[in-house]
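Given next, in structure tokens, is a single chain: the form predicted on its own.
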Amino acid sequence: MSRLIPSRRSAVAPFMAMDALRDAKALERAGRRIIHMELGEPGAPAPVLVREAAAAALREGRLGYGEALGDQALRERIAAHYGARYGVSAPPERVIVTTGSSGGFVLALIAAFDAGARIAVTAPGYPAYANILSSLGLEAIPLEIGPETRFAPTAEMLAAAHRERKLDGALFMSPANPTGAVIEVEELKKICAFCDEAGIVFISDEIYHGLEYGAPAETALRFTPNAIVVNSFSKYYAMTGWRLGWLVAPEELMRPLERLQQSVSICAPTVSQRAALAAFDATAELEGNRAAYARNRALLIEQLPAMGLTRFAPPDGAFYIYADVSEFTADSMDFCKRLLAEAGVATTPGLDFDRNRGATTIRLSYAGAEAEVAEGVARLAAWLRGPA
């Protein structure tokens, strides 16, 4: 009998979206056809140019270790992206290529904070934040957001939390998971200014940039050189399994980040870096993907109220609807399990994103193929109506 006792740091909450995927896959192996609306994964593959670049790199065959900060050509291309899209300077010397945004978070949090630091996050918010923070000995301080702020954090609520007890950092996402809400430009400017004034390290998660359906989201780099910006090739660029992201960090953190990367992962995947260079030239295909998401979004916005799901966060960006299901349940976990078992639609319970208030919400991802999302919507409607 094993006497191995797991560490307290490993006792993090499960990522329920991944649990939902596991359960859905089990049903598929048993022969069921499941509609996947649980994961934020683009239904489209990586762009053709990306796949062709990867194939060329594989044919060349030299895919050894790269530099810890990332291939210089890719760092330069990422830096150029900030000038082209946002009109801001992000020199390649401040860019580090990471193993997905997840790897970037780990590096940034270790580099910027000591154990015991208090980091503000939103509730609802991305569940991995709190789990990563906990495993690193950092404390997640939830800021409850809702309709009164269009499900986006504000500088005022950050200041109030800081007055109550000093914060060391803030980690916000815009467009957000699970809500799709975008922090408005003036509010982002205020958040950046407050963090600079109060000595709070601001980590701006911008992995859904490019996936907006109204005004484009702004980068925190426009308002402060002190923010740590996180981005990824997973969402807009449809490269989830390639595990490639990046950070833009203040100059004084670059050497610590490099040292950490050298030990934690050596370097980001070489073939993915070679392929990602082509991602910035695949705009036509990627904008076609975004147009498909927009059509899926429009379908949900039109159809959900007819099912009785009239309250949901404003889906400004990303590819999620965060919906209130209190008319049907007070147990979102049970609701999602029954929806999967009885209707074959995989979704994520709101408890994944908000442990205090998520029992009456669910997240629906509309990142999948249009036909799949349409079938998922039809199945959900029929299931909510019940037997004829």
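The model shown is predicted, which means the values in this text are computed figures rather than measured ones. All residue numbers refer to positions in the sequence shown, first residue = 1.
In what follows, reference is made to the form predicted together with a small molecule, a form of this protein that is not presented.
Contact annotation for the candidate site: 208, 234 and 243 all lie close to the small molecule in the predicted bound form (heavy atom within 4.5 Å).
In the predicted bound form, no heavy atom of residue 262 sits within 4.5 Å of the small molecule. Though the partner is left out of this view, residue 129 does reach within 4.5 Å of the small molecule in the predicted bound form, counting heavy atoms only. The small molecule in the predicted bound form is approached by residue 100, whose closest heavy atom lies within 4.5 angstroms of it.
Residue 228 falls outside the set of residues with a heavy atom inside 4.5 Å of the small molecule in the predicted bound form.
Heavy atoms within 4.5 Å of the small molecule in the predicted bound form belong, among the stretches 297 to 305, 271 to 279, 173 to 181, 133 to 141, to residues of 173 to 181. Among the residues 105, 293, 151, 202, the one placing a heavy atom within 4.5 Å of the small molecule in the predicted bound form is 105.
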